[in-house]
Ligand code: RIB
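First, one chain by itself in structure tokens, the form predicted on its own.
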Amino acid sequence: MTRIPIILDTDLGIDDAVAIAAALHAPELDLRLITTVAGNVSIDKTTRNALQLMDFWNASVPVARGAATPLVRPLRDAASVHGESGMAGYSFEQTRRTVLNKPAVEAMHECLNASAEPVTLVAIGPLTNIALLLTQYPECKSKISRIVLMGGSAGRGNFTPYAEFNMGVDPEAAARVFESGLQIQMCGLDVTNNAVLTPEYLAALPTHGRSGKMLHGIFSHYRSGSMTTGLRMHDLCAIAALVRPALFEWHSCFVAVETQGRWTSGATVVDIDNKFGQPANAQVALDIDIAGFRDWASQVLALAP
């Protein structure tokens, strides 16, 4: 099997941890680098969380610390959803691992240049690091296969009425990415809201080994749904889009990110009907096979020891 080389950029909270579990253990993927960005919690916490997870799974994937703030705005985090640490609910051992001695953008650039084949960037947080990479090293575009991201929405938002969190935190970075000319696959909030793991599956997790116990613990502190009604796996959809694209209904269209609107900043304008007459710049997921997603999620998470 030819594995897909990926760099995973994350603002590591609870659903990010699940996405990392899948990225590490899905046989289709070759996770080469994790870069952290401020979003769900501060950059210190997202970076610590990444190192703790690499320790937990005894993984050799390097971790690079990224942007502490959005490009031009103050950070507004989501600790109210993920808890103050970003991964409350499980007592991780204190890690002795350290980050790479270089910032995330430089580490991404080096990873891309070292690859014999183009690499897919998987973005499951604000797009600050990706925007900085494309600005500082524009020549690296030829080494990027595509960008697969969880973010935006073809409908309503969760950060503001129209802005999804990852786009709303750093609209300027998101706009730069969508204007890059790179191939983009977008899994937006209107679809990921339906990617719900059932209460029955969640209740059985402690019987699924060490990883199951850990996931059950942090899920108990996750506020995107509940253990009794089901939990939304937003970021896991980005991994599913890579390895099981047929689970989604894709539409090729033009996407713009609003940066100026007083009430709409961070909104993704998804022109499904091509009313602007602009060329498509993204493949946007508009629907998901929920049963198929649940089956795949249970299979890939079972591979984590």
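The numbering used is simple: start at 1 and walk along the sequence shown. Remember, predicted model here, so these are calculated numbers, not experimental data.
Note that the form predicted together with the ligand isn't included here; everything after this is about it.
Enquirer: Of these, 108-116, 69-77, 177-185, 228-236, which stretch puts a heavy atom within 4.5 angstroms of the ligand in the predicted complex?
Expert: This holds for exactly one stretch, 228-236.
Enquirer: Any chance residue 128 has a heavy atom within 4.5 Å of the ligand in the predicted complex?
Expert: Output for residue 128 is no: heavy atoms all beyond 4.5 Å of the ligand.
Enquirer: Although the partner isn't part of this model, could you tell me whether residue 40 comes within 4.5 Å of the ligand in the predicted complex, counting any heavy atom of the residue?
Expert: Close contact exists here: in the predicted complex, residue 40 approaches the ligand to within 4.5 Å, heavy atoms only.
Enquirer: Does the ligand come within 4.5 Å of any heavy atom of residue 211 in the predicted complex?
Expert: Contact with the ligand, no.
Enquirer: So in the predicted complex, does residue 158 come within 4.5 Å of the ligand, heavy atom to heavy atom?
Expert: Yes, residue 158 sits close enough to the ligand in the predicted complex that at least one of its heavy atoms falls within 4.5 Å.
Enquirer: Which one of 173, 121, 189, 195 is close to the ligand in the predicted complex, taking close to mean a heavy atom within 4.5 Å?
Expert: None of the other options qualify; the answer is 189.
Enquirer: For the stretch 14-31, I need every residue with any heavy atom inside 4.5 Å of the ligand in the predicted complex, listed N to C.
Expert: Residues within 4.5 Å: 15, 16.
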